[in-house]
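Shown below, as structure tokens, is a lone chain in the form predicted on its own; questions about how it binds or moves come after it.
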């Protein structure tokens, strides 16, 4: 990979970021496009994120940024303007430079829906779905599923207040029947058993020693279980779901598709998805 002193700098903000494959994927896309640029991870705690964003406004060679856990909701308040998708979700995963101003976008939802369609031929309309977690990624998944016609939606989170807050947000925005439950709520087991799709948006599973975020015995054969985590490629949740006859998808496809959309927003060019996919598959192999 070659770049000059005039290279555009692309940044991933998160905490942690060491596990992320976005640098591998986006640097492959930059190289394939012949763009003089470099994509780097920047681990920053929440308290330092406002200063980090402010530094971007004066960076003449700033090319664009991604935002990952746990900063997506905080980033929503730190940009100057928002795309309709980011405004609808209430979270930002992509930052675009616009004449010294920061445009906040969200490509997670569209990337997630494309992955559902292309990897599982799953159409959400009219199907009950459970979302584990209530952070920035959960917001994008919930809004995209609601807009695609999934109903009802159940948000399950350790902190029931956050689950209910997200459920109310989705209902106000889309009008979809949405409920927030705590992990230990008595209604939760029956809800999971009856759903067509379970999506894990939490970080539980990043550590290979992690147990599944819910009791795997609740998963019914034939249900689709989607884990946004892509490293490890098979989390404990996906492994146990397969044993119970579920269809499973890891987060690599969503990572690719949301990243391709972000690249296009930054550069104005469609990236080589083949180069991005090859870089990802090689990295996880």
Ligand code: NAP
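Here the structure is a predicted model, which is why all the values come from computation and not from measurement. Residue numbers count along the first chain shown, from 1.
FYI, the form predicted together with this ligand isn't displayed, but the following is about it.
Only one of 216-224, 55-63, 39-47, 248-256 places residue heavy atoms within 4.5 angstroms of this ligand in the predicted complex, namely 248-256. Taking the partner from the other structure, this ligand in the predicted complex has a heavy atom within 4.5 Å of a heavy atom of residue 183. Using a 4.5 angstroms threshold between heavy atoms, residue 133 counts as touching this ligand in the predicted complex.
In the predicted complex, at least one heavy atom of residue 203 sits within 4.5 Å of this ligand. The shortest heavy atom separation between residue 159 and this ligand in the predicted complex is within 4.5 Å. With the partner omitted from this view, the residue of 229, 238, 28, 260 that lies near this ligand in the predicted complex is 229 [heavy atom within 4.5 Å]. This chain appears without its partner; in the predicted complex, the one residue of 145, 137, 75, 86 with a heavy atom within 4.5 Å of this ligand is 137.
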